[in-house]
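One chain follows as structure tokens, the form predicted on its own.
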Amino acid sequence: MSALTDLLDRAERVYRDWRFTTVKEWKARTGGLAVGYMPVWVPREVLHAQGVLPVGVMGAGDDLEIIRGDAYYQSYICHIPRSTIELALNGSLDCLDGMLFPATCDVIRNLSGIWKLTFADKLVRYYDTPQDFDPARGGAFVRKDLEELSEDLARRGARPLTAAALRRSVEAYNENRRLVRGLYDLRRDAPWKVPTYELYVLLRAGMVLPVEESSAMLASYRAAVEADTSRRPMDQARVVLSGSFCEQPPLGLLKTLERSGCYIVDDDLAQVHRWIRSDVPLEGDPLDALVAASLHDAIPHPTRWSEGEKKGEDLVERVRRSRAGGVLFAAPSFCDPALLDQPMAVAAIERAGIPWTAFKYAENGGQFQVIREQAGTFADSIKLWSAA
């Protein structure tokens, strides 16, 4: 238990360290570049292959008061861009040599523009995800984008991208994804062994640490919880948590949900770890393999095109696969992609006869009593309906 406690304490320290101390230490130790990225997916394998540390930047949660960041954005948008620009203005992100902004919404697109104007000496790239998945169109677009990114990194001092190095990096991230999938499977089968708030801090720490350290941490955690016989199942309702992909819920909210009587048996937190659903093939051209996986083996998502009735079908399948009794829709306030997708997802699960409830949150929220009562009532209802 002491080893497990120490491991989780370290993970939470890394998760809460909005000054990015571990990144600064890595740069001092290696002399390498560090490049930040906003959620949801970026080609971390390409950065790693060139000796660059990918650093997930997901706001500062409830640990930082926003002052100057509020001057850059109107009040009716989500919270994460304001806290991200606050981190940049207070010097916390000075250790980053660049920022990547995946295409998620207009707000993040605007944030990339603010970055170019404010930090002209930094590498800034907007990663525009194609909606045409034909290899000759979308595939060619993504490959060209990655080639240009690797050239930009090399000009700033990174190693040139080689097929051998990229293949080794793909293998390292394949291993990391397998470990994450394994913990999700273990939580699905025995959620009392893997509390969601513990898994979450491990995932968040893994967005800042080198992938090799992240994998070691995940493997050590799994060994510790499987050896721990003190964790016992409780009479809690099994639920799927859905709705977040960019701005993340506060850690206190995840703890609140599980204390309200819910076992979270599937979620969409820190999606960069599971954007590609299976191993990227190691045969052939590794860049082509990475491009194909990002287009054809990626999760269904609000930022990706899917036709009509297909919206929400994956959520229904996830509920059935995880044997959940219902869905908690938890989206950030003012998150257009998540909230525009939610009615279609609700329609899909209602057609499947799956109970649901919904609430919104902000990354800096600290009061969860109303949500706890709502989630607790929902959990009790699920158990009553299931018994009936």
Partner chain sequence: MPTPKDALKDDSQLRQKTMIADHFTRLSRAPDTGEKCVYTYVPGNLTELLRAFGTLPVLPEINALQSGMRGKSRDFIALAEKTGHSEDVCAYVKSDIGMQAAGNVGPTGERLPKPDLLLLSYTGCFTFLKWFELLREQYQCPTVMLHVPYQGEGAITASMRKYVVDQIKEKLIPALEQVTGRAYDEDLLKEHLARSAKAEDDLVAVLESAKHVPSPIDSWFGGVYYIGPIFTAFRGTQDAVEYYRMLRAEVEERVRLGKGPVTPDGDLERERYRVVVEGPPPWTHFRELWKMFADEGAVVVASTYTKVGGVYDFGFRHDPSRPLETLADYCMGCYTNLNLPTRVDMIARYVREYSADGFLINSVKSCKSFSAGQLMILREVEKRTGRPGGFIESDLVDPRYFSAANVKNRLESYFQMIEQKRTGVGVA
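Positions refer to the first chain, counted from 1. Since the structure is predicted, the reported quantities are computational estimates derived from the model, not experimental observations.
There is another form of the same protein, the form predicted in complex with its partner chain; it is not shown, and what comes next is about it.
- This chain is drawn without its partner chain; in the predicted complex, the residue among Gln271, Gln236, Asn110, Ser92 with a heavy atom within 4.5 Å of it is Asn110.
- The three residues Ala3, Thr30 and Arg159 each lack any heavy atom within 4.5 Å of its partner chain in the predicted complex.
- Although the partner is absent here, Thr357 is not a contact residue: none of its heavy atoms lies within 4.5 angstroms of its partner chain in the predicted complex.
- Its partner chain in the predicted complex is approached by Pro130, whose closest heavy atom lies within 4.5 angstroms of it.
- None of the heavy atoms of Gly261 is located within 4.5 Å of its partner chain in the predicted complex.
- Looking at Asp297, you'd find every heavy atom of it more than 4.5 angstroms from its partner chain in the predicted complex.
- Across the options 321-329, 337-345, 32-40, 51-59, residues that bring heavy atoms within 4.5 Å of its partner chain in the predicted complex belong to 337-345.
- Residues Ala103, Thr104, Cys105, Asp106, Val107, Arg109, Asn110, Gly113, Ile114, Lys116, Leu117, Thr118, Val124, Arg125, Tyr126, Asp128 of 98-128 are found to place at least one heavy atom within 4.5 Å of its partner chain in the predicted complex.
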